[in-house]
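Before any questions on binding or motion, here is one chain by itself as structure tokens, the form predicted alone.
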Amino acid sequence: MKLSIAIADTHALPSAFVVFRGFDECIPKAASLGFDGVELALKEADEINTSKLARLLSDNGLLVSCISTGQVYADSGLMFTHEDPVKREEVKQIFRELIDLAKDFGKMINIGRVRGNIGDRNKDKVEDLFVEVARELCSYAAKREVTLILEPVNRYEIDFINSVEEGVSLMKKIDMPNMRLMPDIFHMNIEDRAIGAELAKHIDYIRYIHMADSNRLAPGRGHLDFNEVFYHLLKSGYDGWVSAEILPRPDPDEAAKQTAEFLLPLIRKYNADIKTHAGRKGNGAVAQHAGLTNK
């Protein structure tokens, strides 16, 4: 398991949901705090100078965990399920360019609110539009070994795919091996029956996890039970990225510091136990040994 933190460019919209802004300044900050990687929050691929980014990552020993696309929707209102085929083609072209970028940086592209709302439209029609666009982009991405990861988002922000279970149902309909889920435990706290147990139940469809506490602050600043979450991830053998998508409060530097100080010890314990017991049968025993309990 590796830990990442979201970074946008300095000119990103005020609504961009990131901890840090400015790649030049904040990639070294992330490295100094112990993060393994950075999640690039972009609205288009040409925000990135690839040679400069590669140098920054190499100099600081970091990886790109994924590219997130909330700004594509927030900046332009584009969405996979737009009624206008011209608009759908526009969002597909933006995603093709982001997929080309992800080929060398992260290999994963997030789909959040850019999927679109249902509103007063027919749900089945909206779902069919999404499936059509997703399959086309998955086919393009497969040739570049890139995975698209859909993020279930709570009902107060969007009305299409709120829970992990709903996301899994849609994954089955899309039926593409490089289309998977990106649960966010903040949203899961609102929409899902449980957090840890639902993650474990659907682990085959999960490629990436967003971490935030119940109040969207750094983990440890709300009421979520992270021991319970890690217990179930350990039982299921999850070995992917977790990334901090939190409010930058009280300020970006402190929020990032709080996240690293809370999550890194849990992740180190998790990784040590996975490595030590890689060949052992009975994941429940592994979780117990790690000191993680299912309360």
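Start at 1 and count along the sequence shown; that's the residue number. None of the values given here were measured: they were computed from a predicted structure.
Just so it is clear, the following notes concern the form predicted in complex with a small molecule, a form of the same protein that is not shown.
Asker: Quick one: find which of 208-216, 99-107, 195-203, 86-94 has residues within 4.5 Å of the small molecule in the predicted bound form by heavy atom distance.
Answerer: Heavy atoms within 4.5 Å of the small molecule in the predicted bound form occur in 208-216.
Asker: Just to confirm, with a 4.5 Å cut-off on non-hydrogen atoms, which of 175, 145, 124, 157 contacts the small molecule in the predicted bound form?
Answerer: Partner contact (heavy atom, 4.5 Å) among the options: 157.
Asker: Although the partner isn't part of this model, could you tell me whether residue 113 comes within 4.5 Å of the small molecule in the predicted bound form, counting any heavy atom of the residue?
Answerer: Result yes; residue 113 sits at the interface with the small molecule in the predicted bound form.
Asker: Would residue 191 count as a contact of the small molecule in the predicted bound form, using a 4.5 angstroms cut-off between non-hydrogen atoms?
Answerer: No, residue 191 sits far enough from the small molecule in the predicted bound form that none of its heavy atoms falls within 4.5 Å.
Asker: Residue 221 near the small molecule in the predicted bound form, any heavy atom under 4.5 Å?
Answerer: Heavy-atom contact with the small molecule at 4.5 Å: absent for residue 221.
Asker: Under a 4.5 Å heavy atom criterion, is residue 180 part of the interface with the small molecule in the predicted bound form?
Answerer: Looking in the predicted bound form, residue contacts with the small molecule do not include residue 180, since no heavy atom lies within 4.5 Å.
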